[in-house]
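Just the one chain here, the form predicted alone, laid out as structure tokens.
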Amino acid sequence: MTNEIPYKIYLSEDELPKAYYNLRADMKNKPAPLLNPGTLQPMTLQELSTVFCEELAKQELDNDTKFIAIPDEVYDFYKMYRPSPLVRAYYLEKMLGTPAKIYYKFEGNNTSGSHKLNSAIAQAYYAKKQGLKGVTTETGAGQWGTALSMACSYFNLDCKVFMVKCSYEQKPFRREVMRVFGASITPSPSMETNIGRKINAEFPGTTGSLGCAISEAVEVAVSTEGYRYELGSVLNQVLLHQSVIGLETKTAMDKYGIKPDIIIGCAGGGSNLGGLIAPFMGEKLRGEADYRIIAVEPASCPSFTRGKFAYDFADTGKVCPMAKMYTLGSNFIPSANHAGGLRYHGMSTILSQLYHDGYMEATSAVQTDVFKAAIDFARVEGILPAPESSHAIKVAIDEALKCKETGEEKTILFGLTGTGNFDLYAYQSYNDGTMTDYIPTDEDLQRSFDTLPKI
């Protein structure tokens, strides 16, 4: 092991980003606007503000402001767990016998165990500033629900969480952490909302999806005075807040003269990937540097690699704004054997446009390969990774082994979005040999594509 670069690169408190970076400002082709599902016209600030906090709605529509100041209250909260470390994976490199240099940005150093807290605290702040009583949300694997429950507790806001049913059943301890911070948790689809009852009638025995949970959370938000809805991924505002990940990473790398050749992130809705690549993609868009950027998604929910680039409903209940994105169709429900998060049927409009324009690549991975990579990583790097993060680990290992074959000394950066300490049901399934892989057939996907709106 060399001492050239520290095992962990920590920035000082003073090096925390003071502003979020809005990647859209540097995009020549802006993301297509959200559409009102009733009128099919671009959503206005007034319309979005009935669902989201007004300041968040403004951020959602802002394609031009390059830097948006981080509020002092949010900045002070960040100091409790940020800057997060950039780690040189010396031991992983040694295990692989690769000449590649591997780095990962670790976002698990907080109680929520993931990067989700970066946006949750900002969204809760804007809700409190607006004078709201509380917020509603959905959660898949549970990281976002945990993060938002923490943020709401900090600002003394009520938090109602609709949790995808299969995750609710598989992750009881994740539920209990949310309850520690005062949130109420409902398995989705439930019988507590009109949309939940409709989905249960249409799909008897369904294990749920993020699209279902979003529909229920939005219904409760718009029908309850003093509440708004908050989302943990996909939206422009969320990728904006998550830019702190990439800004810190780039500052740390620049400090030691490191330039990544390949940047890899897991992709479900796009918040982690979008945050990690933001400043690097900005350089690429401005022609200042070039990077190979790879999005990794589960083969069981392959929005980028097998989806359609089209306008679609953002939720199964078809009450949310319509977005132009890579989508599997709002009726698509991942198989219950899909163990991690990354369960959303679509992808961020920002990342979808960048992918469509050829600025990044995408690949998919089956979950048994993902969990093998997770365990290989845990045994040498000492962190049990979240299943979501492990998609990026799998492809980082693949790329490092390619370097071993060619002798190229490439620098690889990936995002370690969080820990897998609440994902032991899935790890048990893998260790017991009962985990299986499911890949939807073309016929499965076509049934969902057939429900895409005709726009």
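The first residue of the sequence shown is number 1, and the count goes up from there. Since we're looking at a predicted model, the values are computed, not measured.
Omitted from view is the form predicted together with another copy of the chain, to which the following refers.
Note on the interface: of 124 to 132, 193 to 201, 296 to 304, 151 to 159, the segment with non-hydrogen atoms within 4.5 angstroms of another copy of the chain in the predicted complex is 151 to 159. N421 is the sole member of N36, T411, S49, N421 with a non-hydrogen atom lying within 4.5 angstroms of another copy of the chain in the predicted complex. Just one of F77, F280, Y229, F313 comes within 4.5 Å of another copy of the chain in the predicted complex, counting any heavy atom, and that one is F77. When another copy of the chain is considered in the predicted complex, Y425 lines it closely, a heavy atom lying within 4.5 Å.
Using a 4.5 angstroms threshold between heavy atoms, Y81 counts as touching another copy of the chain in the predicted complex.
Looking at D442, you'd find every heavy atom of it more than 4.5 angstroms from another copy of the chain in the predicted complex. Using a 4.5 angstroms limit between non-hydrogen atoms, Y91 touches another copy of the chain in the predicted complex.
Contacts between stretch 169 to 189 and another copy of the chain, counted in the predicted complex as any heavy atom lying within 4.5 Å, involve F173, R175, E176, V177, R179, V180, F181, G182, listed in sequence order.
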